[in-house]
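As a starting point, one isolated chain is supplied in structure tokens, in the form predicted on its own.
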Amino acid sequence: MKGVWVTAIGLVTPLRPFDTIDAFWGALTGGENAIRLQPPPLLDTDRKWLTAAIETEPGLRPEDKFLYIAEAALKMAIADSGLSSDALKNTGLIVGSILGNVLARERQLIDGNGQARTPEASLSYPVGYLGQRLKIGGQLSAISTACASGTDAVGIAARRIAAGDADVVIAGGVDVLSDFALAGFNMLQALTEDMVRPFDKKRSGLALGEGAAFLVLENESHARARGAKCYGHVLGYSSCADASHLTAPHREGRGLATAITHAISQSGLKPKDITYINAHGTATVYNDAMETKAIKAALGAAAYATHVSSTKSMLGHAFGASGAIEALCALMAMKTSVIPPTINYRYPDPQCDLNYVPNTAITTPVGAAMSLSAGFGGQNAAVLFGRPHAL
């Protein structure tokens, strides 16, 4: 894949929410942890959960948070891009989400209006809402591919540009915490009651999070003509299913390994050229072992020289937004030559034997960086970025 630039980024996460990208990045690379014991969003119960929640302005209804943080992150990306209002009229938008604004539906049920229907709760509503609010007039798309949603949104946008179907597409993901998600992941016994420690031998599960992130992808000639900056090139993208199980990953990482291999083959790079991988890294027993096997299967001996980290150790698992947030982190690692750590890592696991950047960020030039996602239904995605001078 050639000729696709990332010219702008924007995000809102539980770590330094509504602050600058640089403030977020300083906190993340400094190992700050946004995961806390907190009550669920709507239901009034005595139980608290380990989650990474975004604190919004006083008076904002919980069910309005989804669109609020999505719009804030999108506005940040548009401001960073310098795109004019005329350019936005021909700009595409792809929004990835697992549940959409499920809090709007939950509020209906809690209030006893279970038979009522509201468009705000549909998966398609946010992209239309955001397009109307910010006057984005190109092709608008909503995508829901489990935890790979944000990564797939970025990859599909890059393909659209590479095919000549668009000059500019904004792509990303958004999801928020909900009582429904907490109950579901709890039933699956996927939530930790201790701490999030990806790839550690004592890992016991994930913590749910929330957030929104968007990348502005642009045809290289279009970007050059308007003097846009470049965070990196999209060199490769692939999405491959395990075809194995509705919730559990394939134990050998079959689909994820294929996605990584295909993304690398599109780029023209070799496995040894990849400096950093932002892993899916949920801290569940089977996912981390599977992901380690997939990386080794795809990269071979080069896997052991590649830096791997899980930013979910600090941000939690933000569902469909995670892939977009983590793609942004891969770009920032290239831009700043700083690789964020995997915090809470104490006990090496023989099954997870890669270089997981334990506890402290490292400073090193990053020539190419990859972001990985592995979702329910065995939906796996990999997107590979190269530095601006790589082509």
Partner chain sequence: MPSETMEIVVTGIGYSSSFDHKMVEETLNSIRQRTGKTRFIHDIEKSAVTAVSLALNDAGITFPLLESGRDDTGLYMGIDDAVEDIKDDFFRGVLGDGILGASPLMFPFTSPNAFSAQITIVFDMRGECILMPVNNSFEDVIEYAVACIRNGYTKTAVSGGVRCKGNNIYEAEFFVLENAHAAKDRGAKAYCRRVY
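Please read all numbers here as calculations on a predicted model, not as lab measurements. Residue numbers count along the first chain shown, from 1.
Quick note: we don't show the form predicted together with its partner chain, though the next part is all about it.
For the chain shown alone, residue 276 is not a contact residue for its partner chain in the predicted bound form, no non-hydrogen atom being within 4.5 angstroms.
With a 4.5 Å cutoff on heavy atoms, residue 71 does not count as touching its partner chain in the predicted bound form; it lies far away. Using a 4.5 Å cutoff between non-hydrogen atoms, residue 203 does not count as a contact of its partner chain in the predicted bound form.
Using a 4.5 angstroms threshold between heavy atoms, residue 258 counts as touching its partner chain in the predicted bound form. Checking 376 to 384, 19 to 27, 363 to 371, 5 to 13 against its partner chain in the predicted bound form, the stretch whose residues place heavy atoms within 4.5 Å of it is 376 to 384. Just one of 78, 264, 156, 295 comes within 4.5 Å of its partner chain in the predicted bound form, counting any heavy atom, and that one is 156. Proximity to its partner chain in the predicted bound form, taken as a non-hydrogen atom within 4.5 angstroms, holds for one residue of 197, 233, 317, 105, which is 105.
Residues 183, 184, 185, 186, 187, 188 of 182 to 216 are found to place at least one heavy atom within 4.5 Å of its partner chain in the predicted bound form.
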